[in-house]
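This document opens with one chain alone, in structure tokens, the form predicted alone.
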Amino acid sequence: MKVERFENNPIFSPSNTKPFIEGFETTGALNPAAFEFDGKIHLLLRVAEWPLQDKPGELKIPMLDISTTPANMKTMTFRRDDPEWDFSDRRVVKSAKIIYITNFSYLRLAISSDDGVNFTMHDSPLLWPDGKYESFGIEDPRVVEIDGEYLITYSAISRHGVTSNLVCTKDWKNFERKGVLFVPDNKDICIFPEKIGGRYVCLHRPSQSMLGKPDIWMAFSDDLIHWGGHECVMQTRPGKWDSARIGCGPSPIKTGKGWLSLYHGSDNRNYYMGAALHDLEDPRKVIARSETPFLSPEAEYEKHGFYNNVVFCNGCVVRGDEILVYYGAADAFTAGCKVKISEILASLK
């Protein structure tokens, strides 16, 4: 399968993304949702920042203090030689009692010229974390348009865990927060672009429990708020590229052969992108999946960043038989590539 990476990759990086929070630095501009509005392609990116790390042997992490009005950003400082805390994963600081996120994320908008390759990013947030379930930040949005309304799902992080939340807009100026859709720990929500059998349909990914692995589930709703009919539709596969965990990508694409969904998988060494095909009438039925990923971390910006060896897509735009895939790379960068729907379909088994 031919995957054509954009020549200007990475599109966004910490070096070309100005931090918004005073006294902070940008650690990532990544994992964008993608959609078309007003005749142009837009990206809704997760921008991650943390306090300037100015003292060797210490780590400063951010947190939104919601006890004040308005909420204030505060900083916690940890000594790296403190045996109570585990610093082995740059994304988190953890003890036996609690886990903190090292970065604070919010959502920023970028708009393309006519080519879908070159983008200009706004300097200020479009969506800023709000309330007790978002005090550690908001991450990894997906966007789908249904009947003139744009549905934005994202992961909300707090000491309560990871919830999946919904915001709606029609004009990208006025937003209605619908709140929590799925309770902790659940992420990677993508809503199908049309109702099926008179109901909204989504894919979601509960996190690992004592039994089982992070697998992809499906749910149904009459009103976008109350979801039921939950069913596990895709599982990790031992010995394959998606053996350790899987999670949903962008909103599925309707084709003549079925609903094509892009998804990420990990083997605990790398994060990859593959695809699955769902039945058009009953999307709970998975017809085929990628035996091998169509996108693997191979470029330098995919292999080395804030968290290495990651490609992670939650945004794409369809242009005929071609998909413009926008993806996060190494938990630090935004990149893009082109791939043909027909070639993905032909590769599925």
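Note that the coordinates shown come from a computational prediction; the quantities given were computed from them, not determined experimentally. We number the residues from 1 along the sequence you see.
From this point on, the text means the form predicted in complex with a further copy of the same chain, which you will not see here.
Using a 4.5 angstroms limit between non-hydrogen atoms, residue 184 touches a further copy of the same chain in the predicted complex.
With a 4.5 Å cutoff on heavy atoms, residue 75 does not count as touching a further copy of the same chain in the predicted complex; it lies far away. The closest non-hydrogen atom of residue 248 lies beyond 4.5 Å of a further copy of the same chain in the predicted complex. Interface membership of residue 157, defined by any non-hydrogen atom within 4.5 Å of a further copy of the same chain in the predicted complex, is confirmed. Candidate site formed by 199, 225 and 231: every one of these residues places a non-hydrogen atom within 4.5 angstroms of a further copy of the same chain in the predicted complex. None of 117, 167, 162, 126 but one reaches within 4.5 angstroms of a further copy of the same chain in the predicted complex through a heavy atom, and that residue is 162.
For the options 132, 254, 122, 79, the one in contact with a further copy of the same chain in the predicted complex, meaning a heavy atom within 4.5 Å, is 132. The stretch in contact with a further copy of the same chain in the predicted complex, judged by heavy atoms within 4.5 Å, is 231 to 239, chosen from 274 to 282, 137 to 145, 106 to 114, 231 to 239.
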